[in-house]
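One chain follows as structure tokens, the form predicted on its own.
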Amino acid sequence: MTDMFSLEGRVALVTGASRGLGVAIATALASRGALVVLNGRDPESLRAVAAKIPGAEYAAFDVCDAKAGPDAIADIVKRHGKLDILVNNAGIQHRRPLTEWEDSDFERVLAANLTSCFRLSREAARVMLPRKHGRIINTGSVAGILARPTIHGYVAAKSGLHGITRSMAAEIGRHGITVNAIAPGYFATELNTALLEDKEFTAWVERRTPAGRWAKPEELGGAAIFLASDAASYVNGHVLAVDGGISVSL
């Protein structure tokens, strides 16, 4: 029986892959045979991560750069002839009371967490449409389903990302391209360092999450493999919560 979860021969670009969830996703995709191109802003960090993932390459660029992202996708296609999988994972966080938010703060978070995902998805679609096959996976968030105080730009961006996941799926699904999102709950990553060091908040997460704990980054890998593989060929426009049950319990 053919392995429906195999990614042999497929080329994947994973943004924000120099640490945290990006590394976990890239490692998982590579474990199923994908040739993974890691993205981040720091070439040295990417080189170190790539050295640990068999066959991995890296492309250092800022996802907020309107020219660099499309150029990187064009380069991948030039070298490999295609792009099968795009994982929009890069993102930033900004925590401030509402009255302390500047317009520039809000715009910066949206640019990194939403606009860049739209831009790269559009460029990936231009490559995938002629081949009538592709997988676009957006890293959303439980914060796009349920809100928290002080992270207004992040909540707005992730809610928007869930929305364009659905709109893109509705448009290009008939061309053999699926667009889905993963909504992580509380994962122990560098992005959440401040929260992990807050004993009161960590205790709240453990009480609030039915699984009773923070997630490990590698626990996101299975969802990424599924959505990237033939096993999810009829899954389109879905937001898959990987959150220990926090979004379904009061």
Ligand SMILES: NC(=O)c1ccc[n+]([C@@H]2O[C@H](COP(=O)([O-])OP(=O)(O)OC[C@H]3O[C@@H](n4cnc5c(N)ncnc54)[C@H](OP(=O)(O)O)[C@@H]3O)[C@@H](O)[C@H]2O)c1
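All residue numbers refer to positions in the sequence shown, first residue = 1. Small disclaimer: the values here were computed from a predicted structure and weren't measured.
The same protein also has a form predicted together with the ligand, omitted here; what follows describes it.
Here is the short version: of Val205, Cys64, Ala50, Ile225, the single residue with a heavy atom within 4.5 Å of the ligand in the predicted complex is Cys64. This chain is displayed alone, yet in the predicted complex one of Asp198, Glu57, Asp42, Glu218 has a heavy atom within 4.5 Å of the ligand; that residue is Asp42.
The ligand in the predicted complex comes within 4.5 Å of no heavy atom belonging to Gly69. By the criterion of a heavy atom within 4.5 Å, Val77 is excluded from the residues contacting the ligand in the predicted complex. Not displayed here, the ligand is kept clear of Thr27 by more than 4.5 Å at the level of heavy atoms in the predicted complex. Lys158 belongs to the set of residues with a heavy atom inside 4.5 Å of the ligand in the predicted complex. Stretch-level contact check against the ligand in the predicted complex with heavy atoms at 4.5 Å: of 126 to 134, 139 to 147, 163 to 171, 79 to 87, the positive one is 139 to 147. Although the ligand is not shown here, in the predicted complex the stretch 165 to 190 places heavy atoms of Pro184, Gly185, Tyr186, Phe187, Thr189, Glu190 within 4.5 Å of it, in sequence order.
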